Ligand SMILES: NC(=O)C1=CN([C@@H]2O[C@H](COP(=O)(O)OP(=O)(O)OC[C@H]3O[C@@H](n4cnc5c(N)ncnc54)[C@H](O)[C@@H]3O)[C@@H](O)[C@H]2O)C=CC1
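Okay, here we've got a single chain as structure tokens, the form predicted alone, with questions on binding and movement later.
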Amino acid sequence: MKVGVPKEIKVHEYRVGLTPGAVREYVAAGHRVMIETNAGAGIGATDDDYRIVGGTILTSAAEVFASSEMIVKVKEPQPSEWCQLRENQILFTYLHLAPDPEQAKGLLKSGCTAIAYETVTDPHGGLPLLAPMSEVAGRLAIEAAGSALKRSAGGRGLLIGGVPGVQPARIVVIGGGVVGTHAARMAVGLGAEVTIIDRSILRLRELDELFEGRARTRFSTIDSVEEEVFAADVVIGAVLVPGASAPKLVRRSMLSSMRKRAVLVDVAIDQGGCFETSHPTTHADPTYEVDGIIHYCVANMPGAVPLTSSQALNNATLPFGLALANKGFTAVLENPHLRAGLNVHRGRLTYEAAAESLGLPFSPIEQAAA
């Protein structure tokens, strides 16, 4: 199969769909891989690095899209990209369609087959292609919170871990999944006072054992969320509903009861955000203030550490990408985990949660593939 890797064009996005090591695997499996010139510059990979492993360098994204049967990216396609997609072409990348009706309409109009990293599953019910970026984002969330807490950035002027004799920051993590666990791990390691809120008793038990008393756990109710948010210096939004819009767990009316210049970090912003006052920001301009509360809502947080992120992502996507390159759409029909990743096929929405969030018709894969 002809596999294409365009350069990412989202603001301050430095990751790359395929690293040179991954390209070598595709080439060894008999596929031709075409990479846009300088696509790997953000991770320090030169065009020659790709040529050495058998990749073909093309001078423009237009050439890559026109020449490829499958496009492998990192972030969701931008308007100038989705208009280059076509029927019978496979797109393999993060999509996050639920809060993005324009992208959804663009993909539907293109007629392409779009498989979303974030909804591909594994035999254990996990999301293996979302997990590595969730791990990165969870850890970065605490770094971002630490920066936003500085008085020069508009925050409370608080050091996360405090110092002897001085109270550390109080950090509340809403959601005990991969993001929340890694955020809590970083916060505990820095010496913060950490509370994790989740609605699964089983998960709370697991977290209690994992942290051995170094982090508090609370069952998620309206009362518990309010109590913890009002007393927090930092709130990390780490809630995930696979493929659907995130629930709004912190309402604007709650901000006036929070500590002034406290920080909200919305890691769920790719799925619309779990704070009512969230809207996407960029690494160039990451924060804004609403009612005296600092918001950090960067939509591609792992893009800040592209070398780590690209390597972690490629480790996870490689077997699925090779399956698609080897068998094309047949791989989706044969592999239930890739089937779960199918969001768009030949002008139809095939992921029910996304269709529901967008208010658009849903087509089961059997109907869409007929």
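In this text, residue numbers run from 1 along the sequence as written. These figures come from a predicted structure and were not determined experimentally.
Below: the form predicted in complex with this ligand, not depicted.
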property: Residue stretch of 234 to 242, 147 to 155, 256 to 264, 285 to 293 approaching this ligand in the predicted complex, non-hydrogen atom distance within 4.5 Å; result: 234 to 242
property: In the predicted complex, the one of 199, 105, 251, 279 near this ligand [non-hydrogen atom within 4.5 angstroms]; result: 199
property: Position in contact with this ligand when the complex is considered in the predicted complex, options 169, 142, 130, 91, heavy atoms within 4.5 Å; result: 130
property: Any non-hydrogen atom of residue 161 within 4.5 angstroms of this ligand in the predicted complex; result: no
property: Contact label in the predicted complex: residue 111 to this ligand, heavy atom within 4.5 Å; result: no
property: Partner proximity in the predicted complex: residue 177 to this ligand, non-hydrogen atom cutoff 4.5 Å; result: yes
property: Residue 115: touches this ligand in the predicted complex, heavy atom cutoff 4.5 angstroms; result: no
property: In the predicted complex: members of 250 to 272 within 4.5 Å of this ligand, any heavy atom; result: 267, 268, 269, 270, 271
